[in-house]
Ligand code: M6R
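Heads up, the chain below is alone and in the form predicted alone; it's given as structure tokens.
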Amino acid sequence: MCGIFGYIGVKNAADVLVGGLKRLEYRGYDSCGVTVASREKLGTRRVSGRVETLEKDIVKHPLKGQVGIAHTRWATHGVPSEENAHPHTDCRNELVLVHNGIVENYLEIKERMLAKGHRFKSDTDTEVIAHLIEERIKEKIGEKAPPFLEPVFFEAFRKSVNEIAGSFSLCVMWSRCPSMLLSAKMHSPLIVGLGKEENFVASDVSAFLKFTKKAVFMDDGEIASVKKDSVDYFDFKGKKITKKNSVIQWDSSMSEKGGYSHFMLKEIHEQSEAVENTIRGRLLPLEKNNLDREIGLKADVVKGIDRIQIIACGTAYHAGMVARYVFENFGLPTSCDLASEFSDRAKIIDKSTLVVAISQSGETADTLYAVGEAKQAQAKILAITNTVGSSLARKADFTLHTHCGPEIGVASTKAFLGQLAAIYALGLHFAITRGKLLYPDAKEYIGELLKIPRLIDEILEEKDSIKKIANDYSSSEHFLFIARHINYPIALEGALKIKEISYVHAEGYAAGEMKHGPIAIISEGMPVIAIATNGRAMKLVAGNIEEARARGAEIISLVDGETEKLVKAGRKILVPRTIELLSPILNTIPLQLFAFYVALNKGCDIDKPRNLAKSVTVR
């Protein structure tokens, strides 16, 4: 997730754009840049780092002009650096663009452009789009420019966006045609702001809300031709369409949160997109062995692995616990350890062990230390991280990036689901490569996984019923979360979430351990949250629920269509049905919402809970 911003009007564009980037910085903050056009000349400033660094650079080296584009980056391809910062240009430095999203077929396009003599200056997927548009312009006009360039620019842009696979919101400027910005949307947010003698294009209304509250929300497969005094809209076939204006009612702080009260709630609602972005291009087509091509995890390496050792901390550790069930389901012995407790375990791994290290930031101190120990034992390291260029990514032999965008709330939500999505994609790759999953079964697995983003949205549509249950129990000071098998880690995660943001005592237990101690703490009225969705141990979970109920517990159960009638519980939260292996993703959502609404009712600082930091960089 990145932030794009375009401006055309009567004001000094650089001032408007930098101000907008500050308001978009929550969408990405590892690098940023601005390009302004003046009399068919482009001036660009880019930096590795925050917007305040860019602003200081522009003060020293001013940019003058009334049209421009800007970007604040969360890296998905290419490490954070000035060279990889947007805006990106074509070979002649005449065409410049900013992009939010992922170009899945960028390697294919890059190979074609290199064969035609194009010169690349960055490691990003975005730059291929600039060269693609440049090539389409050359095909239309050659080296000489006709008197009317707007139709040429538009048609080259339109043809190019039809060749891109993946997700994108784009804003493009051409120095030979500085009276017009072109934008397009596919699976990434894009909003047009309508002002007086000025118009805007942005990833979020927060960028332009200072200047206008009138906006047009673009839909997938649409193009906007933006001029100072007008905006025209088209579909990807070039047919002109009509769009409805909206008036934004949010204030500036709410707009950064997408209209939500808290970043955590916003990020919970972004999880379907986070999962979709993480699995996109990594599952199909099966015959292309996508992770081999993307991260170099070749068949001989995968087949040479005897066992997997997972290391992680906190919420990432719970993802690692789910991963153990996934890999072992496909026949590969797997262990999962807290990175802080890994030292003695390092003695029993060797070069036939693949160590999977999971960290949202890629800077978790205990995880990095454990990776160092694993490397000394000559084990191969595979990192699962949300941060390109992080210390973990640099240390690893292979890196599988989750494409969740920056997570502002301290308590992890969408980063956790991104990690789970990456684990399922990785599990598929291992199972097929090692011959543990036949083609028909793989197709069924993929089909179920591709449904998950839609099912997440179905759960979120029922958040008000979860809110009501949470409100009824928000005064409770003790919670017990129970589950079995692959959902046991989700019980741990549910307990962790409510502890992190509500400051109440909560425990997660494997339901089979109830009689080995936890049942002693159950008292009259104590809430017990039970994950009771369909699975091999469903009857056993139902029995554990009865044990708790008999001792006065008030049961809140997560059930699906198959288990709803089997479970006796005072309160039930219905989740959509999926295969047991994938159920942790869906069962996580209600527990996140439950914790959020309990904390909200208690008046806690949800986005910045006391004593906690987003990334633990000391041991």
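Everything numeric here is computed off the predicted structure, so don't read it as measured data. From 1 onward, residues are counted along the sequence shown.
Beyond the structure shown, there is the form predicted together with the named molecule, which is absent from this document and is the topic of what follows.
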property: Stretch from 406 to 414, 238 to 246, 133 to 141, 329 to 337 whose residues place a heavy atom within 4.5 Å of the named molecule in the predicted bound form; result: 406 to 414
property: The named molecule in the predicted bound form reached by all of 314, 361 and 419, non-hydrogen atom within 4.5 Å; result: yes
property: Among the candidates 256, 500, 125, 273, the residue which, in the predicted bound form, approaches the named molecule to within 4.5 Å (heavy atoms); result: 500
property: Listed residue (496, 470, 191, 177) with a non-hydrogen atom within 4.5 angstroms of the named molecule in the predicted bound form; result: 496
